[in-house]
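Presented as structure tokens, the chain that follows is alone, the form predicted alone.
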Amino acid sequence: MNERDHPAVRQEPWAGPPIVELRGVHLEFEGKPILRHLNLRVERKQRMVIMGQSGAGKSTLLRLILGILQPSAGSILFQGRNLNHASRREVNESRIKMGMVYQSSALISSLTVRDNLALPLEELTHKRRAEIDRIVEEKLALVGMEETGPLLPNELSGGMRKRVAIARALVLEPELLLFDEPTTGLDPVLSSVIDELIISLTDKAHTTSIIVTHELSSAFHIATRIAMLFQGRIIEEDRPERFRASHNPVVEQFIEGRTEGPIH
């Protein structure tokens, strides 16, 4: 099976270039292909959910967009700029416009919530203390964590840490947010809280989001578009309602959770 067997990438008309575009991205580790000439476009204000099996390369895809990894071949464009051929200064400028929310939240345990949020502003801007405090308070309020500033991460619940991690990702006013399994380890109620927060950020923070998840309920609730990663390629990409109705056997098996089919 290849992409020609299941033509799935149906694009809608948009003004201007996509915020992220991957063209023929190929990635190998020690001779083993992880991504195979992958193509993907993410338009502004979309919430693109990337789905796929464990180990399919979903988190690797986020690291490529962030510039932590470099592709073996192909191009990664952010706001029309080819990051493969950009200078270090240009890559750093692009990274500042991206916010990453890690699966583990990745808060620094020895710093208070306030200092975790302040750190990117202190290291990457020339803002004064009063302005940094204002931004920290604003972003904590945006995620409903106004009272947590003096607390350490180990004083927070898992859901609270996740919301603080989202607030930290927002302090530099990114245009793109990347989420790696944002609801893993959370109970259904907290998962719903995080889902609703991600949706609201599209309007409140004017961001585009790329969300890696294997949780179907979250995916269909959050997404404005869903892409399926299988054997290193995007084999299906569409609006949630059309994705759910796909006749691609891989997508059908994944959604239905069947043991028989092309996924082994």
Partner chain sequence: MNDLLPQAVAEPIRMIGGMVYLAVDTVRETLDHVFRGHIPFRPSLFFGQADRAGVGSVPLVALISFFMGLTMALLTGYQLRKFGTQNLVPGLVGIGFSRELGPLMTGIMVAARIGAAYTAELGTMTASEEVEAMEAMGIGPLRFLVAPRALAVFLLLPCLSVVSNLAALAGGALVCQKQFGISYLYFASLVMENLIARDIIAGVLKSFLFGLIIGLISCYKGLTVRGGASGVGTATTSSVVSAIAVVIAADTLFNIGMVMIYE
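Between two forms, the rigid core is the largest collection of C-alphas that superpose within 1.5 Å. Numbering follows the first chain given and starts at 1. If you're wondering where the values come from, they're calculated on a predicted model, not measured in any experiment.
The next section is about a form of this same protein that is not shown, the form predicted in complex with its partner chain.
For the options E122, D187, E146, E131, the residue carrying a heavy atom within 4.5 angstroms of its partner chain in the model of the complex is E122. Here the chain stands by itself, but in the model of the complex one stretch of 188-196, 101-109, 76-84, 135-143, 101-109, has heavy atoms within 4.5 Å of its partner chain.
Candidate site formed by R163, L201 and H221: none of these residues places a non-hydrogen atom within 4.5 angstroms of its partner chain in the model of the complex. In the model of the complex, at least one heavy atom of I96 sits within 4.5 Å of a heavy atom of its partner chain.
Although the partner is absent here, N154 sits far enough away that none of its heavy atoms falls within 4.5 Å of its partner chain in the model of the complex. H37 falls outside the set of residues with a heavy atom inside 4.5 Å of its partner chain in the model of the complex. In the model of the complex, its partner chain sits within 4.5 Å of a heavy atom belonging to R63. After superposition on the rigid core, displacement of the C-alpha of N92 between this form and the one not shown stays below 2 Å.
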